[in-house]
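In structure tokens, the next block holds one chain alone, the form predicted on its own.
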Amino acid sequence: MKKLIVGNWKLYINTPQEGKKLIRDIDKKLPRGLKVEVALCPQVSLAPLLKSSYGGKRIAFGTQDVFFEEGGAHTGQTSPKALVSSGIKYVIIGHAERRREGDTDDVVAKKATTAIKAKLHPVICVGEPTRDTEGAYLTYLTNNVVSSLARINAVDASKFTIAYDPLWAIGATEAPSPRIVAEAVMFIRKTIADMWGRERALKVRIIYGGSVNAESAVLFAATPGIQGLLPGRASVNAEEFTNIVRAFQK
């Protein structure tokens, strides 16, 4: 499977004009012979408009959340069907910032299954809020992964991506070492293998997010097991973002 770089624009880009300019700049700077899947995730109010105005083929579009019902009396929510009909392919679910605002593992699991059913590709974020020296965070991470995937059918293992997205790493001055991330990715894959078996676990793409920049991307790209990145602030800088993509071209 291809490596995946997902740009999480958060609320850094707030107008169509800003978004269109950033997309043009990114598209110009992307390497020829692109070997990596590239997805940009603006806020939901901009994503369909920016997708419809983009004339290229090298960038896929996503957004940052979705509701767990396809329709009905749910004021203020976003239907997965509406996203798919607008050309949206990816959706970030369970980001640490969303979890901090109330999304539980079960809510994440419901959103993920509804997204897959609608033919969206969810990027399901998991990760511990803090680390300890005794290893209790591994119990948290196990429960986090198992509960967040609990409603997904094992046969759909290739239809979503896991992002290791620990809260303690978000907004930090620098990303954790590739060794720490690789160990967590290996642990997540083993957890999925315990749930669904090794063969299906290997079909799940696992990427990393948390204070990613172009410099750390080179190190992550050279580390076995890390299959892409989920940059936040770095994704709204065209030069920085495309350098992250270039790191995974090799």
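The numbering used is simple: start at 1 and walk along the sequence shown. The model shown is predicted, which means the values in this text are computed figures rather than measured ones.
There is another form of the same protein, the form predicted together with 2-phosphoglycolic acid; it is not shown, and what comes next is about it.
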**OP:** Sort through 91-99, 147-155, 69-77, 134-142 and report the only stretch with a non-hydrogen atom within 4.5 Å of 2-phosphoglycolic acid in the predicted bound form.
**Re:** 91-99
Original post:
Is there any non-hydrogen atom of residue 180 lying within 4.5 Å of 2-phosphoglycolic acid in the predicted bound form?
Top reply: no
Original post:
Is there a heavy atom of residue 129 lying 4.5 Å or less from a heavy atom of 2-phosphoglycolic acid in the predicted bound form?
Top reply: no
Original post:
Would residue 23 sit within 4.5 Å of 2-phosphoglycolic acid in the predicted bound form, counting heavy atoms only?
Top reply: no
Original post:
Taking 4.5 angstroms as the cut-off for heavy atoms, does residue 228 touch 2-phosphoglycolic acid in the predicted bound form?
Top reply: no
Original post:
82, 170, 107, 118: which sits within 4.5 Å of 2-phosphoglycolic acid in the predicted bound form by any heavy atom?
Top reply: 170
Original post:
Thinking of 3, 205 and 249 as one candidate spot, does 2-phosphoglycolic acid come within 4.5 Å of a heavy atom in every one of them in the predicted bound form?
Top reply: no
**OP:** Scan 212-250 and write down, in order along the chain, each residue with a heavy atom lying within 4.5 Å of 2-phosphoglycolic acid in the predicted bound form.
**Re:** 212, 230, 231, 232, 233
